[in-house]
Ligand SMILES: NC(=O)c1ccc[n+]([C@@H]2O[C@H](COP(=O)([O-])OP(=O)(O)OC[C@H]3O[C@@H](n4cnc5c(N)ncnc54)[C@H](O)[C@@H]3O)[C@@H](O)[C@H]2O)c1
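This document starts with one chain, in the form predicted on its own, laid out as structure tokens.
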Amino acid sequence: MSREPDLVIGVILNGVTGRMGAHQHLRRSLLEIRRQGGAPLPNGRRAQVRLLLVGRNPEKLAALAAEAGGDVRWTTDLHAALSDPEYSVYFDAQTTDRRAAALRQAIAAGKHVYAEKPVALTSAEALDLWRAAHAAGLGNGVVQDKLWLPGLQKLQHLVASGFFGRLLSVRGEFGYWVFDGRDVPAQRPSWNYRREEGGGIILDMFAHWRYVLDRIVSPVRAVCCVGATHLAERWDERGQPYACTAEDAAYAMFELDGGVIATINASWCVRVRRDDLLVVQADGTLGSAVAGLRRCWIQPAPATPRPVWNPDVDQPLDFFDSWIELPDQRPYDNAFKVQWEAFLAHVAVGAPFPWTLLEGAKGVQLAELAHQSWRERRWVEVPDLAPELSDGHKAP
């Protein structure tokens, strides 16, 4: 018996010439989905993708389209792209300060929308985007890639299985040394360090911390944060010095549901001596775990050593020896690609997709409240961000 024909979903990719857009979303996600024969759907069919690349640099766009091959098109005219009925999905990976306006245009054009985070500069603007997409009956979502990283998936399984007993605390360390660009090229674009262009590590990373804590550990209820601009001057892509107007480090505490305390340090001015660029440790009454991006180690209570404090002699214990690494019990695909497949299934057949623009608004909200905490030097409560809509429907 012949298989039903594949669905074809046209996807507009805006901002695809940037690092994340080109590598994670185009090359490692959508082109891989094309190579594997489409995204699998719950009904047994597959969704193929037709791509239209949008950006401001025609030379880069033409090169990416040629690399992609096939029927991949490109344009510098966003209005024309949104007017094309062959493309029903709009994806945005532009710089943060351009994202909300383009998403609003796409929603007005009747496109399903999917976006990198943060989805907007303010939570009010992000919430308005979700309201508009929801009212129009359009599929909508925000990238929350770290939920599909192998290390954090293993950590999530441990939490769900009750491995920790009563969970007490979570500690996260994120970051690396981003060169200032004077003698060694910087690994991040200069706009990241300009507040007026949507830069700053709080807006960039607290959107991640919100969904990691909410979905893997427990919902965030309060935040206390201090930010810092450790390097006041950097050099841009043209080799010109510029003043940094956004913070390059943030040190935060969070109160979570159930009495769990979380602390997360994030810095682009730290030299790494830990297991990975992001390491999350969770401690509970029955055991502890340490997760990196891909690996995860556990120490159950019966295997916990009994250290004795004595600063006058070398420490006799090797504290790494008593940890057990969890095996990969199944294959793990690229985190961005996995979420893309889920969004395509949502658009194609209405498969569940809980990572909506409302979740993106929650991430922006946490960043705003962290800035408020830093400015006012105090703890700030995190209120519920699930408003009633005009039709009486409550956000999921």
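Residue numbers here begin at 1 and follow the sequence given. This structure is a prediction, so every number in the text was calculated from the model and none was measured.
The next section is about a form of this same protein that is not shown, the form predicted in complex with the named molecule.
Novice: Flag His112 as yes or no: does it have a non-hydrogen atom within 4.5 angstroms of any non-hydrogen atom of the named molecule in the model of the complex?
Specialist: No - in the model of the complex, heavy atoms of His112 and the named molecule never come within 4.5 Å of each other.
Novice: With the cut-off set at 4.5 Å between non-hydrogen atoms, does Arg378 touch the named molecule in the model of the complex?
Specialist: No - in the model of the complex, heavy atoms of Arg378 and the named molecule never come within 4.5 Å of each other.
Novice: Would you please decide whether Ala262 lies within 4.5 angstroms of the named molecule in the model of the complex, comparing each non-hydrogen atom pair?
Specialist: No - in the model of the complex, heavy atoms of Ala262 and the named molecule never come within 4.5 Å of each other.
Novice: If you check in the model of the complex, is Leu103 within 4.5 Å of the named molecule, heavy atoms only?
Specialist: Leu103: no, not in contact with the named molecule in the model of the complex.
Novice: Would you check whether the named molecule, in the model of the complex, lies within 4.5 angstroms of a non-hydrogen atom from each of Ser169, Val280 and Gly292?
Specialist: None of them does, since no heavy atom lies within 4.5 Å of the partner.
Novice: By the heavy atom within 4.5 Å rule, which residue out of Thr75, Thr95, Ser218, Gln299 makes contact with the named molecule in the model of the complex?
Specialist: After the contact test, the surviving option is Thr95.
Novice: Heavy atoms within 4.5 Å of the named molecule in the model of the complex: which stretch in 314 to 322, 249 to 257, 223 to 231, 140 to 148 meets that?
Specialist: The contacting stretch here is 140 to 148.
Novice: Looking at the named molecule in the model of the complex, which residues in 166 to 189 have at least one heavy atom within 4.5 Å of it?
Specialist: Result: Pro189 alone.
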